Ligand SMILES: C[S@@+](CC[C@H](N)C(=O)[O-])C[C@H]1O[C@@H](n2cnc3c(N)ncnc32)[C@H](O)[C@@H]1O
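Here we start with a single chain on its own, the form predicted alone, put down as structure tokens.
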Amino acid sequence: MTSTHVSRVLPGRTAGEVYGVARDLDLLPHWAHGLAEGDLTRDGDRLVLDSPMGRVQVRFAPLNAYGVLDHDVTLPDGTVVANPLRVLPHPDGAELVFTLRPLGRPEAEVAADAVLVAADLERLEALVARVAAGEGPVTTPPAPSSDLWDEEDARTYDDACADLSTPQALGPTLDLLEGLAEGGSVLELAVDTGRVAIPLAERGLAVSGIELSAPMIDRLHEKRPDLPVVVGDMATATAPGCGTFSLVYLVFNTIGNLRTQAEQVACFANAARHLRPGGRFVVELWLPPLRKLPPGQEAVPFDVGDEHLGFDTYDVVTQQGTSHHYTRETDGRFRYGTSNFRYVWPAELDLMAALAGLTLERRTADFAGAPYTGESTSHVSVWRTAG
């Protein structure tokens, strides 16, 4: 019993770019002919199709950095058909390879399926081109769990982070990131108003960003109009040049903005698929001070001053937390604000990295390179792709 492999090369495309479009469940009906023949709905990580032949379910392999798009199709009678599909780097761009298995069917039937698959891959190539040109179909993906920063947040963000934006404060961060980039292109996830991206670009690096909040991007572009930023969720969005970046980084505890473990895992996979072989992913993250919680207490203060009071509350069962801020305004009144997060430990991050095909290269307590110890309150971790 010999399998049939249907291949299509997409010249000038990266494997990560093609994978991002092909793996988007909301885009599947635009290129997979079998999913355009009935009513399609989402059920978690599955697609459910009410077709003329009955209810069909499709489940893809989890998001990964290897271009694996294998998917199981459950037919109305309960039969499960495995469909191997891969996105591979190719000397001319990227290659799609779909494997058809006879499973006892006549040769002519398999050949007919191969023709349909080839047509699907041709439609997928056209869709990748439309998405890259900004002309792809408009879809509404599931809303991310992150808090969305609004106009007021964007207006006050730079002032709130002024102490972290001085040359003295940013120097070690920029020095390390510039060195790890090795002259290649750089992508910041959750780029905010450009606190790190803009001074890094001013050092001569080609810096791009992904940011969920449009007002934050507007503020960034007031300062640096030419810095390219994609509006989207850092766990799923695709930046131009996907698969070619030397460095992807995520600073200022921002991985915690993704408030589910699944989204944090997806963020690592998304970072990995944007990297070139041998590229690096950097995460800066604080360590939750749970040792300061006596039995029965849920809150730990992190800033107590005349102008600002800040404390975090923790749910140690779900790893959910909320930062509470009371900030004095110029008229003497206090403004109250919150931000929500999921805290995550270094060992858990290492597992997420391994699932994405990344290997830990170094871990220090800060960007200046202080040793990471049991007493450290934060860490800067660097993982690397193979190659």
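Don't overthink the numbering: it's just position in the shown sequence, from 1. Because the structure is a prediction, the values reported are computed rather than measured.
Missing here is the form predicted together with this ligand; even so, the following discussion is about that form.
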item	value
In the model of the complex, segment of 271 to 279, 183 to 191, 77 to 85, 219 to 227 with a heavy atom within 4.5 Å of this ligand	183 to 191
Close approach of P240 to this ligand in the model of the complex, 4.5 Å, heavy atom	no
Touches this ligand in the model of the complex: G310 (any heavy atom, 4.5 Å)	no
This ligand contact at P89 in the model of the complex, heavy atom, 4.5 Å	no
4.5 angstroms heavy atom contact with this ligand in the model of the complex for V196	yes
Contact residue in the model of the complex, chosen from G232, G179, P289, P301 - any heavy atom within 4.5 Å of this ligand	G232
Partner-contacting position among L247, L200, L212, L121 - heavy atom within 4.5 Å of this ligand in the model of the complex	L212
Residues in 247 to 272 close to this ligand in the model of the complex, defined by a heavy atom within 4.5 Å, in order	V251, F252, T254, N257, L258
